[in-house]
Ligand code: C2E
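What follows is one chain in C-alpha coordinates, specifically the form predicted alone.
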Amino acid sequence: MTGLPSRYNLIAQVEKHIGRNQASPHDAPFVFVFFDLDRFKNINDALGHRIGDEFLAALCSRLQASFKENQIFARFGGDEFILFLPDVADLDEASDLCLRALDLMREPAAVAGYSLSCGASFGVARYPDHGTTIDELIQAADTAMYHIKSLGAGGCAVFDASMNEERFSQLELEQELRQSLAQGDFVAFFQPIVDLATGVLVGVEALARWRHSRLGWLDPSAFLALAEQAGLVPDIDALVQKSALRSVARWRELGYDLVASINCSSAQIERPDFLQVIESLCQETTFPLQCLQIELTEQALVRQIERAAVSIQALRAKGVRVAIDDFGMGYSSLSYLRQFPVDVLKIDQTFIQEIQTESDAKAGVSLADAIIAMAKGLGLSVVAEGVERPAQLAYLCQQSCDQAQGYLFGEPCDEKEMLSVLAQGGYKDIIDLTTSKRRSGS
(Lines give C-alpha, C1' and ligand atoms only; values in the text may rest on other atoms or scores of the structure.)
Protein backbone atom coordinates (compact mmCIF):
# COMPACT_ATOMS: atom_id res chain seq x y z
CA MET A 1 0.00 0.00 0.00
CA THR A 2 2.78 2.46 0.90
CA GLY A 3 5.41 1.17 -1.51
CA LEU A 4 7.88 0.90 1.39
CA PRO A 5 10.06 -2.06 2.36
CA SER A 6 8.54 -4.38 4.95
CA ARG A 7 9.99 -4.92 8.40
CA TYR A 8 11.49 -8.23 7.27
CA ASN A 9 13.26 -6.60 4.33
CA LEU A 10 14.67 -3.89 6.56
CA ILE A 11 15.72 -6.27 9.34
CA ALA A 12 17.64 -8.36 6.82
CA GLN A 13 19.47 -5.29 5.50
CA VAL A 14 20.35 -4.03 8.98
CA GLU A 15 21.63 -7.47 10.02
CA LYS A 16 23.85 -7.61 6.92
CA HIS A 17 25.18 -4.14 7.70
CA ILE A 18 25.94 -5.13 11.31
CA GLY A 19 27.67 -8.29 10.10
CA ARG A 20 29.90 -6.31 7.73
CA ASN A 21 30.61 -3.80 10.48
CA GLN A 22 31.66 -6.45 12.97
CA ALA A 23 33.88 -8.17 10.41
CA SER A 24 35.73 -4.94 9.59
CA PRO A 25 38.59 -3.42 11.63
CA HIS A 26 36.43 -0.40 12.55
CA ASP A 27 32.94 -0.93 13.98
CA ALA A 28 31.40 2.19 12.42
CA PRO A 29 28.41 3.67 14.30
CA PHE A 30 25.08 4.30 12.61
CA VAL A 31 21.61 5.47 13.66
CA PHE A 32 18.36 3.56 13.88
CA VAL A 33 15.01 5.38 14.30
CA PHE A 34 11.65 4.02 15.36
CA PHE A 35 8.57 6.24 15.08
CA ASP A 36 4.81 6.11 14.96
CA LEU A 37 2.10 8.56 13.99
CA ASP A 38 0.24 10.54 16.63
CA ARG A 39 -3.57 10.42 16.46
CA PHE A 40 -3.66 8.54 13.15
CA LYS A 41 -6.37 6.32 14.69
CA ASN A 42 -8.63 9.38 14.86
CA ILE A 43 -8.48 9.72 11.06
CA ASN A 44 -9.36 6.06 10.57
CA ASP A 45 -12.21 6.25 13.09
CA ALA A 46 -13.66 9.51 11.78
CA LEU A 47 -13.22 9.05 8.01
CA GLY A 48 -12.81 5.30 7.50
CA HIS A 49 -9.88 3.05 6.72
CA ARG A 50 -9.94 3.67 2.98
CA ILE A 51 -9.25 7.38 3.43
CA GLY A 52 -6.82 6.51 6.23
CA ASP A 53 -4.90 4.26 3.85
CA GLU A 54 -4.83 6.95 1.15
CA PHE A 55 -3.50 9.49 3.65
CA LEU A 56 -0.86 7.05 4.86
CA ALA A 57 0.29 6.38 1.30
CA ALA A 58 0.49 10.12 0.54
CA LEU A 59 2.42 10.74 3.75
CA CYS A 60 4.90 7.95 3.07
CA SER A 61 5.49 9.17 -0.48
CA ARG A 62 6.25 12.67 0.81
CA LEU A 63 8.66 11.36 3.46
CA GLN A 64 10.38 8.91 1.12
CA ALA A 65 11.19 11.73 -1.28
CA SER A 66 12.90 13.67 1.53
CA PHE A 67 15.38 10.92 2.48
CA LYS A 68 18.64 10.10 0.73
CA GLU A 69 18.86 7.03 -1.48
CA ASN A 70 20.88 5.00 1.03
CA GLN A 71 18.63 5.95 3.97
CA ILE A 72 16.11 3.15 4.27
CA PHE A 73 12.55 4.04 5.26
CA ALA A 74 10.38 1.01 6.05
CA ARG A 75 6.97 0.29 7.47
CA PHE A 76 7.16 -1.78 10.64
CA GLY A 77 3.41 -2.34 10.80
CA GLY A 78 0.20 -0.32 11.21
CA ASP A 79 1.28 3.30 11.76
CA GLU A 80 4.79 2.36 12.98
CA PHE A 81 7.88 3.00 10.86
CA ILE A 82 11.65 2.55 10.92
CA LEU A 83 14.45 4.67 9.52
CA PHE A 84 17.83 3.02 9.02
CA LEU A 85 20.53 5.65 8.55
CA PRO A 86 23.78 3.84 7.71
CA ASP A 87 25.49 7.11 6.77
CA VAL A 88 24.60 9.00 9.96
CA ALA A 89 26.60 8.62 13.17
CA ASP A 90 25.92 11.98 14.81
CA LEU A 91 22.87 11.99 17.10
CA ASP A 92 22.20 15.69 16.63
CA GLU A 93 22.17 15.22 12.86
CA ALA A 94 19.76 12.32 13.25
CA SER A 95 17.49 14.36 15.52
CA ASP A 96 17.45 17.24 13.04
CA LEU A 97 16.49 14.82 10.27
CA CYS A 98 13.60 13.49 12.38
CA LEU A 99 12.33 16.97 13.18
CA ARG A 100 12.43 17.93 9.49
CA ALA A 101 10.38 14.81 8.76
CA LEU A 102 7.94 15.84 11.49
CA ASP A 103 7.51 19.26 9.86
CA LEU A 104 6.68 17.54 6.56
CA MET A 105 4.09 15.36 8.27
CA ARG A 106 2.39 18.38 9.82
CA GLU A 107 1.89 19.99 6.42
CA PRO A 108 -1.70 19.24 5.30
CA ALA A 109 -2.23 16.69 2.53
CA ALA A 110 -5.31 16.80 0.29
CA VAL A 111 -7.01 13.39 0.45
CA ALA A 112 -10.54 12.68 -0.81
CA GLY A 113 -11.59 16.28 -0.31
CA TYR A 114 -10.13 16.52 3.19
CA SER A 115 -7.04 18.42 4.33
CA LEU A 116 -5.26 15.98 6.65
CA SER A 117 -2.09 16.07 8.71
CA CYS A 118 -0.66 14.36 11.76
CA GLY A 119 2.26 14.45 14.15
CA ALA A 120 4.70 11.74 15.15
CA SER A 121 6.93 10.56 17.99
CA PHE A 122 10.50 9.58 17.07
CA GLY A 123 12.89 7.42 19.08
CA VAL A 124 16.59 7.42 18.11
CA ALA A 125 19.18 4.73 18.93
CA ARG A 126 22.83 4.45 17.83
CA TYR A 127 24.85 1.35 17.07
CA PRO A 128 26.84 0.13 18.98
CA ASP A 129 26.21 2.46 21.97
CA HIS A 130 22.57 1.45 22.45
CA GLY A 131 22.61 -2.03 20.97
CA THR A 132 24.71 -4.39 18.85
CA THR A 133 21.84 -6.48 17.43
CA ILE A 134 18.73 -5.52 15.51
CA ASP A 135 16.52 -6.57 18.43
CA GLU A 136 18.47 -4.40 20.88
CA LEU A 137 18.30 -1.41 18.53
CA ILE A 138 14.56 -1.81 18.01
CA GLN A 139 14.02 -2.04 21.77
CA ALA A 140 16.18 1.02 22.48
CA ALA A 141 14.59 3.15 19.76
CA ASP A 142 11.09 2.02 20.76
CA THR A 143 11.81 2.93 24.39
CA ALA A 144 12.99 6.41 23.35
CA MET A 145 9.85 6.81 21.23
CA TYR A 146 7.69 5.76 24.17
CA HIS A 147 9.45 8.37 26.31
CA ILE A 148 8.66 11.26 23.95
CA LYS A 149 5.11 9.98 23.46
CA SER A 150 4.56 9.92 27.23
CA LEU A 151 5.21 13.67 27.28
CA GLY A 152 2.15 14.10 25.08
CA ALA A 153 3.50 16.57 22.53
CA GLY A 154 5.28 14.47 19.88
CA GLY A 155 8.85 15.14 18.77
CA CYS A 156 12.13 13.28 19.02
CA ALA A 157 14.13 11.67 21.83
CA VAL A 158 17.50 9.89 21.89
CA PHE A 159 17.66 6.69 23.93
CA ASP A 160 19.09 6.86 27.42
CA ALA A 161 19.41 3.93 29.81
CA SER A 162 17.30 5.74 32.42
CA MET A 163 14.34 5.45 30.03
CA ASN A 164 14.14 1.71 30.72
CA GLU A 165 13.27 2.40 34.35
CA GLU A 166 10.90 5.19 33.28
CA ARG A 167 9.12 2.89 30.85
CA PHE A 168 8.70 0.21 33.50
CA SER A 169 7.30 2.87 35.81
CA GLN A 170 4.86 4.02 33.09
CA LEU A 171 3.73 0.44 32.43
CA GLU A 172 3.18 -0.02 36.16
CA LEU A 173 1.24 3.26 36.26
CA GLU A 174 -0.94 2.16 33.34
CA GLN A 175 -1.83 -1.07 35.14
CA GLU A 176 -2.70 0.94 38.25
CA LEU A 177 -4.73 3.36 36.11
CA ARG A 178 -6.85 0.52 34.72
CA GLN A 179 -7.31 -0.97 38.18
CA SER A 180 -8.28 2.41 39.64
CA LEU A 181 -10.86 2.91 36.88
CA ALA A 182 -12.46 -0.40 37.83
CA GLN A 183 -12.45 0.63 41.49
CA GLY A 184 -13.86 4.12 40.85
CA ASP A 185 -10.81 5.98 42.14
CA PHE A 186 -11.28 8.92 39.74
CA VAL A 187 -13.41 11.65 41.29
CA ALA A 188 -14.27 15.30 40.80
CA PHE A 189 -12.69 18.22 42.61
CA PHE A 190 -14.45 21.56 42.33
CA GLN A 191 -13.44 25.18 41.73
CA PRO A 192 -15.90 28.04 42.32
CA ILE A 193 -17.15 30.16 39.40
CA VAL A 194 -18.10 33.61 40.67
CA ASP A 195 -20.43 36.25 39.20
CA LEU A 196 -18.40 39.46 39.21
CA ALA A 197 -21.42 41.76 39.33
CA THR A 198 -22.83 40.26 42.54
CA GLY A 199 -20.09 38.12 44.09
CA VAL A 200 -22.45 35.14 44.09
CA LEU A 201 -20.99 31.67 43.58
CA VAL A 202 -23.02 30.67 40.52
CA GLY A 203 -21.32 27.47 39.46
CA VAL A 204 -18.46 25.04 39.87
CA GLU A 205 -16.05 23.55 37.38
CA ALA A 206 -15.45 19.84 37.91
CA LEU A 207 -11.79 18.84 37.61
CA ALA A 208 -10.49 15.27 37.45
CA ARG A 209 -8.42 13.86 40.32
CA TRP A 210 -6.98 10.37 40.72
CA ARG A 211 -6.99 9.01 44.27
CA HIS A 212 -3.81 6.93 43.87
CA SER A 213 -3.15 4.39 46.61
CA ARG A 214 0.63 4.87 46.41
CA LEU A 215 1.16 8.45 45.21
CA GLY A 216 -1.80 10.29 46.76
CA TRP A 217 -3.98 12.75 44.83
CA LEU A 218 -2.88 13.22 41.20
CA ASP A 219 -4.15 15.89 38.79
CA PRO A 220 -4.45 15.27 35.02
CA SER A 221 -0.91 16.49 34.28
CA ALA A 222 0.33 13.27 35.91
CA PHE A 223 -1.85 10.82 33.99
CA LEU A 224 -3.63 12.40 31.01
CA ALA A 225 -0.97 11.60 28.38
CA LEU A 226 -0.83 8.00 29.58
CA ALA A 227 -4.63 7.72 29.61
CA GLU A 228 -4.77 9.04 26.03
CA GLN A 229 -2.25 6.43 24.86
CA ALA A 230 -4.23 3.70 26.61
CA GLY A 231 -7.54 4.93 25.14
CA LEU A 232 -9.03 5.41 28.62
CA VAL A 233 -9.87 9.13 28.53
CA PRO A 234 -13.60 8.68 27.74
CA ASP A 235 -13.95 6.25 30.65
CA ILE A 236 -12.22 8.67 33.03
CA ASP A 237 -14.40 11.51 31.68
CA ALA A 238 -17.57 9.57 32.41
CA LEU A 239 -16.48 8.57 35.93
CA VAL A 240 -15.49 12.13 36.91
CA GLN A 241 -18.61 13.62 35.35
CA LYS A 242 -20.83 11.20 37.24
CA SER A 243 -19.03 12.04 40.50
CA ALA A 244 -19.45 15.78 39.81
CA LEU A 245 -23.13 15.69 38.84
CA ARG A 246 -24.07 13.60 41.87
CA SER A 247 -22.40 16.11 44.19
CA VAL A 248 -23.88 19.21 42.55
CA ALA A 249 -27.33 17.59 42.44
CA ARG A 250 -27.12 17.12 46.24
CA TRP A 251 -26.04 20.75 46.72
CA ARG A 252 -28.93 21.94 44.59
CA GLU A 253 -31.29 19.97 46.85
CA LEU A 254 -29.83 21.93 49.77
CA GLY A 255 -30.85 25.17 48.06
CA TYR A 256 -27.66 26.15 46.20
CA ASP A 257 -28.62 27.23 42.68
CA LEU A 258 -25.50 26.05 40.84
CA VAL A 259 -24.44 25.32 37.28
CA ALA A 260 -22.16 22.29 36.93
CA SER A 261 -19.43 22.81 34.35
CA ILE A 262 -17.85 19.56 33.12
CA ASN A 263 -14.93 19.09 30.74
CA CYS A 264 -15.50 16.89 27.69
CA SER A 265 -12.45 15.58 25.80
CA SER A 266 -12.29 15.21 22.02
CA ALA A 267 -12.14 11.44 22.59
CA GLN A 268 -15.53 11.66 24.30
CA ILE A 269 -17.32 14.04 21.95
CA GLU A 270 -16.24 12.13 18.84
CA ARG A 271 -18.15 9.07 20.02
CA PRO A 272 -21.46 8.61 18.16
CA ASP A 273 -23.31 8.05 21.46
CA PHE A 274 -22.06 11.29 23.07
CA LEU A 275 -25.56 12.78 23.33
CA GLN A 276 -26.97 9.62 24.90
CA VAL A 277 -24.06 9.39 27.38
CA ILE A 278 -24.61 12.94 28.67
CA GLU A 279 -28.38 12.45 28.93
CA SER A 280 -27.91 9.14 30.76
CA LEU A 281 -25.46 10.73 33.20
CA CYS A 282 -27.97 13.44 34.05
CA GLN A 283 -30.81 10.95 34.45
CA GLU A 284 -28.72 8.66 36.65
CA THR A 285 -27.59 11.50 38.91
CA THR A 286 -30.96 13.34 38.83
CA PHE A 287 -29.17 16.44 37.57
CA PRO A 288 -31.22 18.86 35.41
CA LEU A 289 -29.87 19.22 31.88
CA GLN A 290 -30.67 22.93 31.85
CA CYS A 291 -28.17 23.48 34.71
CA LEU A 292 -25.33 21.74 32.88
CA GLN A 293 -22.45 23.41 31.04
CA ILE A 294 -20.02 21.38 28.93
CA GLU A 295 -16.53 22.71 28.29
CA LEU A 296 -14.68 21.95 25.06
CA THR A 297 -11.22 23.09 24.04
CA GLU A 298 -10.85 24.99 20.78
CA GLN A 299 -8.82 22.13 19.31
CA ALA A 300 -11.48 19.55 20.19
CA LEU A 301 -14.24 21.73 18.77
CA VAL A 302 -12.47 22.43 15.48
CA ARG A 303 -11.48 18.79 15.00
CA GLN A 304 -14.97 17.51 15.72
CA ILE A 305 -17.05 20.40 14.45
CA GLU A 306 -18.96 18.39 11.85
CA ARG A 307 -19.09 15.12 13.77
CA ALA A 308 -20.20 16.59 17.09
CA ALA A 309 -22.40 19.42 15.83
CA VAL A 310 -25.66 17.47 15.77
CA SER A 311 -25.20 15.97 19.25
CA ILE A 312 -24.13 19.21 20.89
CA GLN A 313 -26.82 21.28 19.20
CA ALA A 314 -29.35 18.75 20.46
CA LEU A 315 -28.01 19.24 23.98
CA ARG A 316 -28.16 23.04 23.57
CA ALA A 317 -31.79 22.71 22.52
CA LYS A 318 -32.44 21.08 25.90
CA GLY A 319 -30.81 23.94 27.77
CA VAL A 320 -27.23 22.71 28.10
CA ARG A 321 -24.69 25.55 27.79
CA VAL A 322 -21.52 25.12 25.71
CA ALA A 323 -18.29 26.81 26.76
CA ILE A 324 -14.98 27.09 24.90
CA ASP A 325 -12.20 26.44 27.41
CA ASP A 326 -8.74 28.06 27.29
CA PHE A 327 -9.94 30.47 24.62
CA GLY A 328 -7.16 32.34 22.86
CA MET A 329 -4.57 29.54 23.01
CA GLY A 330 -5.86 27.51 20.07
CA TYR A 331 -7.52 28.43 16.79
CA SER A 332 -9.44 31.48 18.05
CA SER A 333 -11.27 31.69 14.74
CA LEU A 334 -14.55 33.52 14.36
CA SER A 335 -15.45 31.12 11.56
CA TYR A 336 -16.00 28.14 13.85
CA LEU A 337 -17.97 30.30 16.29
CA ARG A 338 -20.32 31.08 13.41
CA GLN A 339 -20.49 27.41 12.37
CA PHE A 340 -20.92 26.14 15.88
CA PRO A 341 -22.78 28.58 18.16
CA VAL A 342 -21.55 28.49 21.74
CA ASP A 343 -22.66 30.27 24.91
CA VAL A 344 -19.49 31.01 26.87
CA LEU A 345 -15.86 31.90 26.20
CA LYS A 346 -13.39 31.11 28.98
CA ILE A 347 -10.31 33.32 28.67
CA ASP A 348 -7.15 31.29 29.11
CA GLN A 349 -5.31 32.07 32.34
CA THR A 350 -2.17 33.03 30.40
CA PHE A 351 -3.78 36.34 29.42
CA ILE A 352 -5.01 37.03 32.95
CA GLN A 353 -1.66 36.27 34.56
CA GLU A 354 -0.05 39.02 32.47
CA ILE A 355 -1.74 41.43 34.90
CA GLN A 356 0.45 41.66 37.99
CA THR A 357 -0.15 45.17 39.34
CA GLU A 358 -2.84 47.83 39.62
CA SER A 359 -1.04 49.75 36.86
CA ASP A 360 -1.47 46.76 34.55
CA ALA A 361 -5.15 46.64 35.45
CA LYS A 362 -5.66 50.33 34.69
CA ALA A 363 -3.74 50.13 31.43
CA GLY A 364 -5.62 47.07 30.24
CA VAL A 365 -4.22 44.06 28.40
CA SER A 366 -4.88 44.15 24.68
CA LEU A 367 -5.53 40.43 24.03
CA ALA A 368 -7.85 40.01 27.00
CA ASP A 369 -9.55 43.29 26.05
CA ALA A 370 -10.09 41.99 22.53
CA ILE A 371 -11.50 38.66 23.69
CA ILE A 372 -13.96 40.33 26.09
CA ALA A 373 -15.05 42.84 23.44
CA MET A 374 -15.45 40.13 20.81
CA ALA A 375 -17.48 37.90 23.15
CA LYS A 376 -19.80 40.73 24.07
CA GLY A 377 -20.19 41.64 20.42
CA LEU A 378 -21.30 38.08 19.75
CA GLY A 379 -23.63 38.01 22.73
CA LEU A 380 -21.54 35.46 24.64
CA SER A 381 -20.79 35.27 28.35
CA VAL A 382 -17.14 35.60 29.39
CA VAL A 383 -15.39 33.70 32.18
CA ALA A 384 -11.81 34.54 33.17
CA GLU A 385 -9.65 31.65 34.38
CA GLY A 386 -6.62 31.78 36.66
CA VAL A 387 -7.57 34.82 38.74
CA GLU A 388 -5.05 34.91 41.57
CA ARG A 389 -4.44 38.60 42.35
CA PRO A 390 -6.65 41.54 43.37
CA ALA A 391 -5.20 43.49 40.41
CA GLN A 392 -6.53 40.85 38.03
CA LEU A 393 -9.96 40.99 39.64
CA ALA A 394 -9.90 44.81 39.41
CA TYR A 395 -9.10 44.61 35.70
CA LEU A 396 -11.91 42.15 35.03
CA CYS A 397 -14.46 44.24 36.92
CA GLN A 398 -13.27 47.29 35.00
CA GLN A 399 -13.84 45.45 31.71
CA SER A 400 -17.27 44.15 32.81
CA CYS A 401 -16.20 40.51 32.53
CA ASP A 402 -19.15 38.33 33.58
CA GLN A 403 -17.58 35.62 35.73
CA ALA A 404 -14.22 34.45 37.04
CA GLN A 405 -12.51 31.56 38.76
CA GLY A 406 -9.08 31.04 40.25
CA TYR A 407 -7.10 30.76 43.45
CA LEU A 408 -8.22 34.23 44.60
CA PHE A 409 -11.64 32.65 45.17
CA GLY A 410 -10.50 29.13 45.94
CA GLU A 411 -8.31 26.23 44.89
CA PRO A 412 -9.91 23.04 43.53
CA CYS A 413 -11.21 21.06 46.50
CA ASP A 414 -13.11 17.89 47.26
CA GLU A 415 -16.85 17.54 47.84
CA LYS A 416 -16.70 18.09 51.60
CA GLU A 417 -14.53 21.21 51.36
CA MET A 418 -16.70 22.61 48.57
CA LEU A 419 -19.79 22.32 50.73
CA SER A 420 -18.03 24.45 53.37
CA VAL A 421 -17.18 27.02 50.68
CA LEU A 422 -20.84 27.16 49.63
CA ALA A 423 -21.89 27.77 53.22
CA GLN A 424 -19.72 30.91 53.37
CA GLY A 425 -22.16 32.72 51.10
CA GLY A 426 -20.14 33.99 48.17
CA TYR A 427 -17.42 36.55 47.52
CA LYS A 428 -19.16 39.94 47.58
CA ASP A 429 -16.74 41.20 50.23
CA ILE A 430 -13.68 40.47 48.04
CA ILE A 431 -15.22 42.15 45.00
CA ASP A 432 -16.45 45.17 46.97
CA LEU A 433 -13.01 45.63 48.55
CA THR A 434 -11.29 45.36 45.17
CA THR A 435 -13.60 47.77 43.36
CA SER A 436 -13.58 50.30 46.20
CA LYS A 437 -9.77 50.36 46.15
CA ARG A 438 -9.85 50.86 42.39
CA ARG A 439 -12.29 53.77 42.71
CA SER A 440 -10.20 55.40 45.45
CA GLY A 441 -6.99 54.85 43.48
CA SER A 442 -5.28 53.09 46.39
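Keep in mind it's a predicted model, so treat the numbers as computed, not measured. One-based numbering along the sequence shown.
The form predicted in complex with the ligand is left out here; the points below concern that form.
- Heavy atoms of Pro220 reach within 4.5 Å of the ligand in the predicted bound form, making it an interface residue.
- The shortest heavy atom separation between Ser280 and the ligand in the predicted bound form exceeds 4.5 Å.
- Interface residue remark: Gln191 is counted as part of the site for the ligand in the predicted bound form, having a heavy atom within 4.5 Å.
- Interface membership of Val248, defined by any non-hydrogen atom within 4.5 Å of the ligand in the predicted bound form, is ruled out.
- Not one of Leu315, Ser381 and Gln403 comes within 4.5 Å of the ligand in the predicted bound form, counting any heavy atom.
- Exactly one listed residue, out of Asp237, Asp142, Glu298, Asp79, brings a non-hydrogen atom to within 4.5 Å of the ligand in the predicted bound form: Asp237.
- With the partner omitted from this view, the residue of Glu388, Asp27, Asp53, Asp414 that lies near the ligand in the predicted bound form is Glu388 [heavy atom within 4.5 Å].
- In summary, the region of this chain contacting the ligand in the predicted bound form, judged by heavy atoms within 4.5 Å and restricted to 194-202, 252-260, 208-216, 112-120, corresponds to 208-216.
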